[in-house]
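Just the one chain here, the form predicted alone, laid out as structure tokens.
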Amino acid sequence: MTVVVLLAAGRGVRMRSERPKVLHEAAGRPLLDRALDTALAVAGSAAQVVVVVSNDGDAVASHVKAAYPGVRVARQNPPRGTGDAVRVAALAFGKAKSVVVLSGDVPLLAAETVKGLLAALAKDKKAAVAVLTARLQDPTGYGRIVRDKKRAFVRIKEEKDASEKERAIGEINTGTYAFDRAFLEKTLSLLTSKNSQNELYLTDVLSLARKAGRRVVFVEGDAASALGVNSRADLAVVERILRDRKASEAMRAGTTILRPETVTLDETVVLEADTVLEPFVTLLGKTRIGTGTVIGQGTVVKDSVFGKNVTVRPYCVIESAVVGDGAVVGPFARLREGTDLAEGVHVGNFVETKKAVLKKGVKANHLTYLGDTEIGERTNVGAGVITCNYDGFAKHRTTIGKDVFVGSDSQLVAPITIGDGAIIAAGTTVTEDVPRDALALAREPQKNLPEGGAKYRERKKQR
């Protein structure tokens, strides 16, 4: 049995943020969640995972409780380094054979890599700990692996305590360990804070293992597995890697991405085969795109579900919406939360919808606002139509039947119901229900004044 300790008590000062570092997101998910997924895959049970937070880490603790029920939380008060953090979690070790230590701000570490570390520990009967290392061109900020002339381990030197020669070492400590549980428990009490940070370093356990005649095993991983997030620049690097991976995965699965370096995809997005993404498309959250759908340039979609063969023309913004098979949206359309477009619906340029249900075949192609409304099949909504859903105090619904024609520049003042087959004349302000098959017309009588135009212009010239 393996217990996984996930360190998440760091303050992230260089992030310059009130939000805890591990709750910052990359590719649509908190850094901590990625580390927790790895921890769960290694431990096999939420009960075998312990997240260590600082005494003021309520936000992190609450997030863990909500997103990963069953995972335990331990508080470090006050934070006194990585060794102290693992000591705080020691009550959860039980009779586990091994203890894995991960960092909550290292989001690219794969579970397979950690399992390889455990395998290396188990293979060497004299080993007290297995350490994941990596070689970086720029190792700034990381502890260095110091070896002797025979390449045997001597110590791990934290950068702030390292000499100039030690800082030149390219092999770094990734902060990922697999310990023999019995040795770790016995050694944690021997740690001291005699260093520049006045902290208890977990890395000192390795030196103590060497002194005790136990072996320290090293497994070299890829550079990405070592990438920790300590600044906004680090976060941007991780974000780019994750999004590149997602785009490559989507293309392998049958999505065409034009200029993939410009497209932004959250990891939680699902793309079915034969979808096409034009340049500068952004798909976020729990978005799902059906087969044969084409999404036009510059479009942003979040938490929405598209059916098959949908066409989204350029520069639309779509959030928390459902778009049915064969629907056509845009260009420059905005579908807000609660929008539900059925099969074959057309929503055109500069049309905005909110909590709007448009049934099969509805068309609203130009310059229209449809809010808090339900529209029946095959109804045509003309240019410049507004559902007036807000009276200054509350929202009200508009219900429009099937086969209705709503003329251009009409205002429908909710709450109101328009019956099937009704016709609303252009320019009409509708304030009362319209019966089935009726014609609604509300205009001031037109007046034409002979020579009135010429006289008006003359007055303007004189002024």
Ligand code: UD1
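Worth saying up front: this structure is predicted, and the values here are computed from it rather than measured. The numbering used is simple: start at 1 and walk along the sequence shown.
A second form of this protein, the form predicted in complex with this ligand, is not displayed here; the remarks below concern that form.
Region of this chain that lies against this ligand in the predicted bound form, out of 290-298, 146-154, 82-90, 109-117 [heavy atom, 4.5 Å]: The contacting stretch is 82-90.
Contact flag, residue 3 vs this ligand in the predicted bound form, heavy atom cut 4.5 Å: Taking the distances in the predicted bound form, the answer for residue 3 is no, it never comes within 4.5 Å of this ligand.
Non-hydrogen atom contact residue 14 with this ligand in the predicted bound form at 4.5 angstroms: Residue 14 belongs to the contact set for this ligand.
Touches this ligand in the predicted bound form: residue 231 (any heavy atom, 4.5 Å): Flag for residue 231 set to no.
Touches this ligand in the predicted bound form: residue 306 (any heavy atom, 4.5 Å): Contact with this ligand, no.
Listed residue that, although this ligand is not shown, lies within 4.5 Å of it in the predicted bound form (heavy atoms), from 183, 201, 332, 369: Exactly one residue meets the criterion: 201.
This ligand: the contacting residue among 339, 174, 387, 275 in the predicted bound form [heavy atom, 4.5 Å]: By the 4.5 Å heavy-atom cutoff, the listed residue in contact is 174.
Residues from 3-18 in contact with this ligand (non-hydrogen atom within 4.5 Å) in the predicted bound form: Residues within 4.5 Å: 7, 8, 9, 10, 14.
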